[in-house]
Structure formats: C-alpha cells, structure tokens
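This document contains two forms of one protein chain, each encoded as structure tokens and listed individually as structure 1 and structure 2.
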Structure 1
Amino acid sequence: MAKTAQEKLDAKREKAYYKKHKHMYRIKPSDIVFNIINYTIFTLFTITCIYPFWYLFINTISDNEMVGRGEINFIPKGLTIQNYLNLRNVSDLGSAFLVSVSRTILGTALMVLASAFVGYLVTKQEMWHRSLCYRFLVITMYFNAGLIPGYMNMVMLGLTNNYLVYIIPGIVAPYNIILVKTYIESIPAELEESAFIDGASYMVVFRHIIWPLSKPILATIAIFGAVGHWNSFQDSLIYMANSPKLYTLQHRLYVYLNQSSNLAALASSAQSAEALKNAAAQQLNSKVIKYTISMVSVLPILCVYPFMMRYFEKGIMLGAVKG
C-alpha cells in the first residue's frame, strides 16, 4: 500500500529529528556496564526465587532412593509420577483439599463483595456517622485482642469446630476496604450524578457503575484474599482440634512436617540395625510425601496468579494513591 503524503512527511520529520539528536541515542560504555550488572542481579534474583519451587518439583518426580540420598539438586533422575499417585492413599488429603478450595472460593468472594460495598458506602457524605464508622474500622487494623481472647470469642460464638470460622472472620477486611474506598473516590463523580438524575438508586449505581469500574482493585484484593485463605493453617490448628475432617491442606502439610521431624529423631535414637532401617524408610516416605503435598499446595496459586497480575499492578497503584 502506497504511503500518503502525510505519512511521508512524518517519516521525513522523524528521520531529521533522529539525525539532529542522534547523540542522545548513542549507547555509552557506562550504559553497557550498567545493563550487564542490572541484568545479572535480576537474573540471579529470579533464579533464587524460582529454585525452591524447582527443587520441590524435581524431588517429587525423581526416584525416592536418590531423593533420600540427597542426589537430586538440579536435574530430576529416575522420572516417576508415583509419588503423586500415592497421595490417594494419604488419609483425609482429599477432604483437606476440598476444604481449602471451598474456603478460598467462598471466603474470597464474600470478602470482595463486602469490601466493595462497604468501600462504596463510606464514600457517601450522607451516610449516618460516616467518619465515626470509618475511623472505628481503621482502628481495628492496629489493635488486636490476642490469641486467647480471640479463641474465647470464637467459643462463645459457637464457631469452634465449625466450617464458618474459616469464612466469617475474614469477610470484613479493613485494609482492603481502604483500598477500595480510595479507588472509588478516583472515579469521576459526574458518572454517579448523571445516574441519580435519571432516577437510579444507590444499589443501581453500585451494580452498574461502581462495580464494573472497580474491577482492577477488586481483582487486587481478590488475590490478597485468595492467597491468605489458601495458605492459612493457624485457624485450622487452633479452632479445629476436634474436627479432623475440617482440616485444611496447609494444616495437613503442617502435620506431616512435624511427623518428619519426629521420625528423624526416632532414626537418630534407634539402637538396632533393623529399627534404624525401618525408621529411615519411614523418614524417607514422610519426606517424599512432604515434598509432594507442598507442591500440590503451591500449584493452584502459581497457576492463578499470572492471570491476575495485570489487574494487580494497575489496581494496587490506583487504590493506594489518591489523586
């Protein structure tokens, strides 16, 4: 396709500009040295972040005897997927996985919905005692009753050994509400005013204007919530003492970590050769299971996070800075 006169003129101007300012585009030796150092540092940092996950993965798909001897460091050997198939024989692992998935999905969805609605609510000047309610919400970020009072509170509410203890305490997240509030305040007020003139209610404005425009910040807090729910094990450890069926996947991993330590102590204190052999075999089995469960625990977040990253980068900046 032939170029138009305007395109030719623009190309000519661009060529003349580059010729006039070509000294600005010349790469200096100091720039080359800086780039080499910069890329080297970030490459090493990337390798440092990725290697632990790679180490876990190659140890789960390698021969177990080589794993026990510590021969698997960079490249997998004796490839096998038997360790993942053996997870079917680990008691309560399936139910623990379902509990973690369900609490992550349900808890994150309710937290995002509550953060969006409350964040929008506290931006309204006509809200009853708006400043008092907002300050009271912020204060909860800095003051915590502690472990024992918190446990007693859950007991009185009947939430111990109850699945709802995973969901209800995390619905209202003050930090996320602040991010959403700041983001909503950056949305042009004229959009709401035009909707109110047309007779729209607050719920209509929230559903059709605020919610769609707030997707970047909502995706950001969804990442925060999902990672927090998925990685949480302390609430399961503290509040589910009598309900093993409600243990989370991270709690099961915590149990196997403790078992691995106990078996290591048993192996070191064993007297007879047969007892030492049995303890070492149990320790190896526990070690491989620990690696495999760790990999299964990490994979879902690793798969979801890259797809949410573009929302995270945009939302965290717009929600954190008011302007």
Structure 2
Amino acid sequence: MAKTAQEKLDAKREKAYYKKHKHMYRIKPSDIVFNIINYTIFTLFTITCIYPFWYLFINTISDNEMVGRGEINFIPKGLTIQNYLNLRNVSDLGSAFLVSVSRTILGTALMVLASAFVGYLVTKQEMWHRSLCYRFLVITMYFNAGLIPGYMNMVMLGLTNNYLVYIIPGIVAPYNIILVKTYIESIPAELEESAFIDGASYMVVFRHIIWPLSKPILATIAIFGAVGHWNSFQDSLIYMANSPKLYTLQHRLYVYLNQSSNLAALASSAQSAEALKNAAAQQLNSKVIKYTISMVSVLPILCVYPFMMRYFEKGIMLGAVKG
C-alpha cells in the first residue's frame, strides 16, 4: 500500500529529529563498557541459579562409574535411567510421593474454592457485620500464637499424625481471600445486578458470573498454592512425628539427605552384588540416589514453572503488597 502524505511527512520529521539529536543516540565507549559489565554480571548470576539444577540432573542420568570418578561436571556421559528405576526400591518413597501429590491436589482445590467463595461474600455490602467478618479473617495474617501453642491446638483437635492436618488448616487463606476480593471488586457490578433482578440467588451468581470471571486470579492463587503445598515441609516435620507413612516428599527427602550411606542398601536389590561389595561404591550409590530423589522432588516445580511466569509477569500477585 502506498504511504499517505501524512505518513511520509511523519517519517521525514522523525528522521530530522534523529539527525538533530544525533549526539544523544550515538553509542559512546562508556556505554559499551557498561553493557559488557552489566551483561556479564547478570549472565554469571543466572548461571549460578541454573547450574546446580543442571549439575544434579546430569549426575542422575550419567554412568555411575563416571559419576564416582567425578567426571560428570558439565555434560552427561553414558546416559542411563537406571537411577530413576532404582527409586522403586527405596522404601517409603512411594507413600511420600502419594501424600505430596494428593495434598497438593486436594488442598489447592479446597483452598481455591474457599478463597473464591469467601472473597465473593465479603464484597457484599449488605452482609450482616460484613467489615467485622472481613477483619476477623485479615487480622489473622498479623499475629501468630506461636509454634508450640499451635501444636498443642492440633493435639487438642486430634489432628496430629492425621492426614487432614495437611488440608483443613490451609482452606481459609486470608491473603488469597484479599486478592480475590480485590479482583471481584473490579468486575462491573451491573453484571451481578442484572442477574439479581432476574431472580438469581447468591449461589447462582457466584457459580455463573463470579467464578468464570475471576478465573485469572483463581489460576494465580491455585498455582502459588500448589507450589506451597508441594514444598511443604514444616507441617510434616511438626505434626507427623509418629507417622512416617504420612511424611511429605520434602520431609522424606530431608530424612534421606541426613542419612549417611545406608540409603544405598535400600535400593541395592537392583544393583549387581559386586558393585556393593566395597564401601566406596555404596557411598557413591547413596549420593546418586539422593540426587535422584531431589530431582524427582524438583521436577514438578520446573514443570509448572512456565505457567507461573505468565501470572507473575503481569504483576497480579503484587497488587496487594504495593498498598
């Protein structure tokens, strides 16, 4: 398409502008030095952030002999998935995995449902003592009775050594409720009002208007909530003292990391008998198994990571902090 006269004129003006202010757009030597230093520092720091993951990974998929000789530092050699297959024989790992997966799914789903529903309720001005109810929830973010009273409370409620302790206390999440409430308040009120005029109940409005429209914020809290559940370690440590079967994966990993070398014996049945004859091999084996379990624990996070990027790039999570 031919350019209009106006566009031509604009282009001409722009050119003239750049010509006039040429001194400002010229690349100075100091800029080059700055850029080199700046890019180098950021590149180096980024490498320190990814390299440990890579190092762990290549050591789990390489030939164990070479791992033992310390030859696997930058690229994997002698590819094998034997280490991952050996995990089948590590006792308690399966149950820990199951506990972590199930609590992540169940806990996140209930938390998101509750946050959406409560977030919607507290936007309703006509609610009886609305601001009191809202404050009742929000205040809980700012005080904490402490670790031991919290533990004694769980004992009193019969929730210690009980799977439900992973799920129930996390259902009401005040911070997420605030996020959802703020989001719902930005939805045009007319949408709701027209539904109410048509005789819809609160539940119908919630299900058919509020829930679909707040999906972006719900997805955000779901992903962050799921990461929180997956990474949970403290509640397992504190409340599951007598129930090793209910340890989360992170807690199980912590236990394994602190075991010296007897872990190798657990996974030995898949290994050749000769390899286990000397202690060095056992030491190595234990190290590689620790690496492999770590890798299994971190993989889900790395998998959902691309989805998370979308949300925190928009800065959705940061709205409340900005004040």
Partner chain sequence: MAKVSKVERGVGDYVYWIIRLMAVVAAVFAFLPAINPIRINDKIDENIALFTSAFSYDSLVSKAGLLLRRGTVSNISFVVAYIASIIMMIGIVILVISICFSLGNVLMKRFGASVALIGSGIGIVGAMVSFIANHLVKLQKFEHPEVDLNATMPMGLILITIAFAVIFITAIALRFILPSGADEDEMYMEPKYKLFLMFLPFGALAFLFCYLPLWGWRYAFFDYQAGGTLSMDNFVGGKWFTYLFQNAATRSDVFRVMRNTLIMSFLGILTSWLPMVFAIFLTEAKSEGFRRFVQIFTTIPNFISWVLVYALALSIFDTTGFINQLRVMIGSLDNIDNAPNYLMSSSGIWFKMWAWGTWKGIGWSAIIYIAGISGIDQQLYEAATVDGAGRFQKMWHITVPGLLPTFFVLLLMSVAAILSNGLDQYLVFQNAVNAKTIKVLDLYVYELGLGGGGSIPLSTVVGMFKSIISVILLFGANALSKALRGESII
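By convention here, residues take numbers in order along the sequence of structure 1, the first being 1. Quick caveat, the model's predicted, so the values are computed rather than measured. Superpose the two forms; the largest set of C-alphas matching within 1.5 Å is the rigid core.
Only structure 2 of the pair represents the form predicted together with its partner chain. Once the cores line up, the CA of Val296 ends up less than 2 angstroms apart between structures 1 and 2. Core-superposed comparison between structures 1 and 2: the CA of Met66 exceeds or equals a 2 Å shift. For Val33, the CA shift between structures 1 and 2 after superposing the rigid core equals 8.1 Å. Here Thr48 exhibits a Cα shift of 3.6 Å between structures 1 and 2, evaluated on the superposed rigid core.
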